[in-house]
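Just one chain follows, in the form predicted on its own, and it is written as structure tokens.
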């Protein structure tokens, strides 16, 4: 951020005057002579049993203050600190960060070099070194990345929670192939179940819920199930499929199993049909580089494909 010239000049003047004032105060007071008191006597000031003696500052203390003033002047000449003046070293936070980032990237590239060019299925396999030791660096890094970026939603064990999918079972909204996982991590996912309450009405919502529930809890009212199937074919088939087993292209969940992302109790199922629901998986391509995303995807892939 570049400030206006007037504001820059004002800052420079204030900083310079402060340094000059500190130097004057230091040297003027160091030369003052005690007029009414001798060295070693008190000044008469006392508070809570503490007496103020009329002793001059130790020389080392005086020199320390002098050094701080010299340091301030040298620092402000070398580095930015006075308005728009950039300093003789032309130092900036951006350049410092860029230099440190290049060092980190070089070390990271060296660390990743042994496995990053492998495919994800190959990457999850541990490497047996010549001395017989096991090298599983890729998965160790992936586990740390998961802990930092994914565990808040999916849990430290990747088991998920209500509203956050488990990554350790075989039920995947968008598919569990390496390319699907890469896409989910990099680009994120926006899952939307539209509300159907206005189109179905309360009775229709109950009937569709009965039809869906009948897949895993047989014994529902068969009249409601039959009517619910008709309405399902009209409003739900496009996303969940004719057999209700879902559509991974659209992220439509399988309704015939007992794995439910947003809970399966009676009232919850009907409220989702009536009011709809949305779920967002944030994209990480702006947080992680391509190599880190690939390692993270490999770790997630390993959770249901242990070698």
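Positions refer to the first chain, counted from 1. All values derive from a computational prediction rather than experimental measurement.
Omitted here: the form predicted together with heme C. The next part is about that form.
At the 4.5 Å threshold, heavy atoms of residue 201 stay clear of heme C in the model of the complex, well away from it. The shortest heavy atom separation between residue 140 and heme C in the model of the complex exceeds 4.5 Å. Contact check for residue 50: every heavy atom lies farther than 4.5 Å from heme C in the model of the complex. Residue contact with heme C in the model of the complex: residue 125 places no heavy atom within 4.5 Å of it. Contact with heme C in the model of the complex, defined as a heavy atom within 4.5 Å, holds for exactly one of 175, 159, 121, 80, namely 175. The stretch in contact with heme C in the model of the complex, judged by heavy atoms within 4.5 Å, is 237-245, chosen from 237-245, 42-50, 64-72, 23-31. Taking a 4.5 Å heavy atom cutoff to heme C in the model of the complex, the contacting residues in 172-194 are 172, 173, 174, 175, 181, 184, 185, 189, 190, 191, 192, 193, 194.
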